[in-house]
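Coming up is one lone chain in structure tokens, specifically the form predicted on its own.
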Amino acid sequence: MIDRRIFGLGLGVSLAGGLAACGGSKNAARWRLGFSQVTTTEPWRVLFSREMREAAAKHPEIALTIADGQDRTEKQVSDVEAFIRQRVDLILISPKESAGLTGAVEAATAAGIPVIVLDRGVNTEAYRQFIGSDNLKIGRMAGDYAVGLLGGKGKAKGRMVEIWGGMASTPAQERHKGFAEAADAEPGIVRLVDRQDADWKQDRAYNIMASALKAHPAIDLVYAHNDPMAYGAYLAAKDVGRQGEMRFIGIDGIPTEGAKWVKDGALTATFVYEPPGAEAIEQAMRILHGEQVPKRIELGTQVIDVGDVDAFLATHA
């Protein structure tokens, strides 16, 4: 298992339209790569795609096409099917849902096209490589951190709200499971809502939190499966003057989002979720050159809170 550290960050670039080609020119390129991205608008995805494009641009022998899944499983399936018909040399895919993209991955592999699965897994082993973070581990880290905030192991007490990402996605399931292993072991921690799915969206998390605030006069901690949802919950609490009574924990750690919100005092902590775009191109080149690659590459993580946010931002400007 390979542990990769955090790449250079920064946002501000998004993809226009459904397809974007980059890397070497298609006429000069030796290899064609197709990437099915869930969406090209969510900030972590923007960073993910940007790093992939920048890495591909360093290799004039490849032409990379990024297909925008528009946050719809059926669009991603269609995009992968199009890549198969075009006989691209390698397919990269970051699935919105595990089950929904399993067949597409198997079809590509059956067609003799190597597949790299990124960030979210699929329900098959019929791919060349998976690259992503250990969401179960990150969830455990967040759970341990929450227990510490609420009084420590064996003594923790508090009322908490958990806001899910997409329930059909493996990251949300694993971030919940890892967190629950720590938090649910503490009888003093009480869950106030059950399985509230904001689908990774800030506005949906705001609405979930607004309802929770109306129903519960006291809330001590909010754990959201990504930073935009944690921030949406914070804004809901702030709008009714209750943000000071609770702590907010998220995941992603983008300098312009999660880390900034920690610096500003909105979030108590975030956990870095490293985009796999640059690593994906590096591994794709190895596969295209006939090299053996590990089945799984695990990316690194770290907690960012008030104690180390300044150092983090100084090295990820």
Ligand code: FRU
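All values reported here derive from a predicted model rather than from experimental measurement. Just count from 1 along the sequence shown to find any residue number.
Not on display, but discussed next: the form predicted in complex with beta-D-fructofuranose.
Across the proposed site, Phe130, Glu279 and Arg296 without exception lack any heavy atom within 4.5 Å of beta-D-fructofuranose in the model of the complex. The contact with beta-D-fructofuranose in the model of the complex, taken as any heavy atom within 4.5 Å, belongs to Arg45 out of His59, Arg32, Arg45, Arg53. The listed set Trp200, Phe83, Tyr231, Phe179 contains one residue whose heavy atoms approach beta-D-fructofuranose in the model of the complex to within 4.5 Å, identified as Trp200. Only one of 143 to 151, 170 to 178, 186 to 194, 242 to 250 places residue heavy atoms within 4.5 angstroms of beta-D-fructofuranose in the model of the complex, namely 170 to 178. By the criterion of a heavy atom within 4.5 Å, Asp79 is excluded from the residues contacting beta-D-fructofuranose in the model of the complex. In the model of the complex, Arg120 approaches beta-D-fructofuranose with a heavy atom inside 4.5 Å.
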